[in-house]
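Only one chain is shown below, in structure tokens, and it's the form predicted alone.
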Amino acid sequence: MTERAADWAGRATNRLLLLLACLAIFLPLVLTLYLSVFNEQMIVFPPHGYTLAWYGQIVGKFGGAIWTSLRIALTAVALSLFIGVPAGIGLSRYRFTGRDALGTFLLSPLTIPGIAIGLAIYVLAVWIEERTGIELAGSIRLLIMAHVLITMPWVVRLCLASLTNHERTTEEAAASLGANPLMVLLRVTLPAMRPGIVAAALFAFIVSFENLELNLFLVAPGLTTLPVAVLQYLQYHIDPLVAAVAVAQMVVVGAALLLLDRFVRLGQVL
């Protein structure tokens, strides 16, 4: 085989692999969108007609679960930012004993399966209840604390990434011109971290809102999140409503990504 033929074969192989990767990513999304407009009470193919009525039933069927997931996710994002942003700045800017161990500890939830974390938190909550009488299992407080545990590593990681290419000389220049440490943080460091902070908040929200494994162990009657409610719905129904829920979530997340990228350029840190 000549060099030119080998080069052509290599390009053709790369294009084929790229095409297969695109199919693997987008084909399920297209099929989910297609299923969500079936005018059927059960998923059958081919459908007898098409309708958008399933989208109108989302709030009626899952309104309570959506509100619970939103409350938990928004609170978890706020607490994660409150803890993770200072942690990211400290790990990036300072050298101290135990720095590497602390960084590993803060990022460790990313390496542990969600089912294992959920089971461990549930067992710990029951153990605390037995010894103190404080009711934790099945409470929204426990869910929020658990979600902070799984969202904070994303905040720390993206804050570290946002400071990787930021020159510290600008902070030193501000300090040399008389700015105190707090002013340097507010006027120089945090504005430079803005893309990372926005990306961290977005990813933390998605991780919390879409989490299923953790919630399976920690929800209780009357306190059900959207992923768990959808799973319970699937146990007794096989209709396009779940596909409509999935499409609605994809549209909301995609719109949020496009909107935020327009103002903060998420590609700088992602």
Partner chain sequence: MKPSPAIAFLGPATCVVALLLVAPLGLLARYSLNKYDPTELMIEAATPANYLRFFTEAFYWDVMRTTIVVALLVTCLCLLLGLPLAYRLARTTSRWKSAMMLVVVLPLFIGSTVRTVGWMILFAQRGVLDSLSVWLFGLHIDLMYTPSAVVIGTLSVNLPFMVLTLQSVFEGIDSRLEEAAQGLGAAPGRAFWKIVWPLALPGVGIAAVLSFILGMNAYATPVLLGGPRFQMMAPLLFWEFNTNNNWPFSAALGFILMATTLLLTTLANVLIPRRYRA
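What you are looking at is a predicted structure, and each value in this text was computed from that prediction instead of being measured. We call the rigid core the largest set of C-alpha positions that still match within 1.5 Å between the two forms. Numbering follows the first chain given and starts at 1.
Beyond the structure shown, there is the form predicted together with its partner chain, which is absent from this document and is the topic of what follows.
Of the residues given (V37, I58, L216, L223), L216 alone sits with a heavy atom within 4.5 Å of its partner chain in the predicted complex. Of the residues A116, A101, L186, A78, just one reaches its partner chain in the predicted complex with a heavy atom at 4.5 Å or closer; this is A116. Looking at A53, you'd find every heavy atom of it more than 4.5 angstroms from its partner chain in the predicted complex. For the chain shown alone, S108 is a contact residue for its partner chain in the predicted complex, at least one non-hydrogen atom being within 4.5 angstroms. At the 4.5 Å threshold, heavy atoms of G138 stay clear of its partner chain in the predicted complex, well away from it.
Although the partner is absent from this view, R71 stays clear of its partner chain in the predicted complex, with no non-hydrogen atom inside 4.5 angstroms. Looking at 82 to 114, the residues that come within 4.5 Å of its partner chain in the predicted complex, counting any heavy atom, are I83, P86, A87, I89, G90, L91, R93, Y94, R95, F96, L102, F105, L106, S108, P109, T111, I112, P113. After superposition on the rigid core, displacement of the C-alpha of A53 between the shown form and the other one stays below 2 Å.
After superposing the rigid core, the Cα of L27 is displaced by 2 Å or more between the shown form and the other one.
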